[in-house]
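Form predicted on its own, single chain, as structure tokens, below.
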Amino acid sequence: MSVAARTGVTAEQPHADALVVFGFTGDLAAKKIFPALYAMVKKGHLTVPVIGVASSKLGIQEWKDRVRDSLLHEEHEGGIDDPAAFDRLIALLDYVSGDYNDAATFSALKAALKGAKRPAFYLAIPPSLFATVIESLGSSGLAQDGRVIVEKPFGRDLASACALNAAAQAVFPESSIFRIDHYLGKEAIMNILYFRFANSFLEPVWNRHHIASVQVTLAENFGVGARGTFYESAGCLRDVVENHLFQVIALLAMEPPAYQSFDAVHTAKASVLRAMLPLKPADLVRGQYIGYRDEKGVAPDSDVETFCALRLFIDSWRWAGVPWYVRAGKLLPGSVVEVQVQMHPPPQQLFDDSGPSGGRANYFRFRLQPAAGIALAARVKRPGKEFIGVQRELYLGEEEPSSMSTYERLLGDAMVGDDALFTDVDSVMAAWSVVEPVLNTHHPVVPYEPGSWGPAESDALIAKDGGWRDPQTDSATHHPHGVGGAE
């Protein structure tokens, strides 16, 4: 889809003339935002002032050093490979310190903006402060003709999401509210949309008549670390399932957009989320890795889940009766995100090993992290007289990694007013409606060993559909040369 084809977004859309980053001294800014800004400057995509806002009282050299240190950190592989670009970034930056509840902070911000008419305000701050900052932007007069970029999570349940949305829309028009789900900016996620609708062979089989079940796994091989306090307020279901993984499911399950526009994509995705049946306690298994309660900021009797597995149904013509299984968790065997779409076996067992009793039927596999790839598993005959086969994967791997990071892409889009890769309000509310019944009414967490695939109770959830298909955690084993074993 071209930019011109996106309803509401044209080449004439006014570019923001300043970027304000609330939470300038936070972990997100250091790990993701500063590297993205540096990359944008290197490519000539960022030439407007950037003002950081935070409560920390930092001198000029202190906040400059903070930016430099983030780019030199081992997590940012490129380092500072273009000193001139780094100098240009520093020249664009300014910093305002103050309390988000103090009107003086916003007066100082107005002075720092030096008459900018269309600033973009990025809220990389705790969700509890979103409404406070948005309301202050409105009362200070800074919001006029501006845009607000809100980090996930957008609310922590349906009621808080509705309240936050009302607060945002009281200050900004809907077209100026950008709700970030950074998953939507990932190359592999965008490829799901392209693969589904740029290839004609998929559509005839992409329905309940040919697909038996779908599994989505998001695994992380690390714990909560220093984020214990945050995790106590969120948990796995709120942190990655209701937003990231539901967006993946929406792309996989959506109907073809009615016309060439990302507005039509948003509508189709929201329709999937509205068609999801609300979860029941029996559809959800909650786990907690052993040792979580010893983490800093975690209650000694915490019932917060670090793992969850759930069974979903989409009540639509295409997907009626097809179970969608989702699991996500921390301290699992590896860090990997993968979707497996299981097909029905052939209707007649012409060969002894090709029917329901002959092993696993064909499937599609979407590897989303760490390296993107798409595989189709098909049976082929083994050499010899007998008609006995083996299942092999036809694998299309990522030929070269994207040169643009997720946050570089999303911040750049927000600066030009392009909402194609952002979450619309209908999808946000529909997703919360699905999980709302189990946010407070659920079974207690079940402990699981670090390094395992979660509690055994999650196996019972999916037992009748063949069990979980554990992703291989070493991406190098996933047939980078095109064909490999899949049995």
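It should be emphasised that the depicted structure is a prediction, and the values quoted were computed from it without experimental measurement. Numbers for residues come from their place in the sequence shown, where the first is 1.
Note that the form predicted in complex with a small molecule isn't included here; everything after this is about it.
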Checklist outcome for this item: Only one of 221 to 229, 273 to 281, 251 to 259, 195 to 203 has residues with a heavy atom within 4.5 Å of the small molecule in the predicted complex, and that stretch is 221 to 229
Checklist outcome for this item: Students should find that, of 97, 132, 369, 213, the residue having a non-hydrogen atom no more than 4.5 angstroms from the small molecule in the predicted complex is 369
Item to check | Listed residue (147, 327, 266, 186) with a non-hydrogen atom within 4.5 angstroms of the small molecule in the predicted complex | outcome: 186
Next on the checklist: Whether residue 89 contacts the small molecule in the predicted complex should be assessed with a 4.5 Å heavy atom distance threshold; does it?
Outcome noted: no
Item to check | Proximity of residue 240 to the small molecule in the predicted complex, heavy atoms at 4.5 Å | outcome: yes
Next on the checklist: Please determine whether residue 409 contacts the small molecule in the predicted complex, using a 4.5 Å cut-off between heavy atoms.
Outcome noted: no
Checklist entry - Is there a non-hydrogen atom of residue 152 within 4.5 angstroms of a non-hydrogen atom of the small molecule in the predicted complex? => result yes
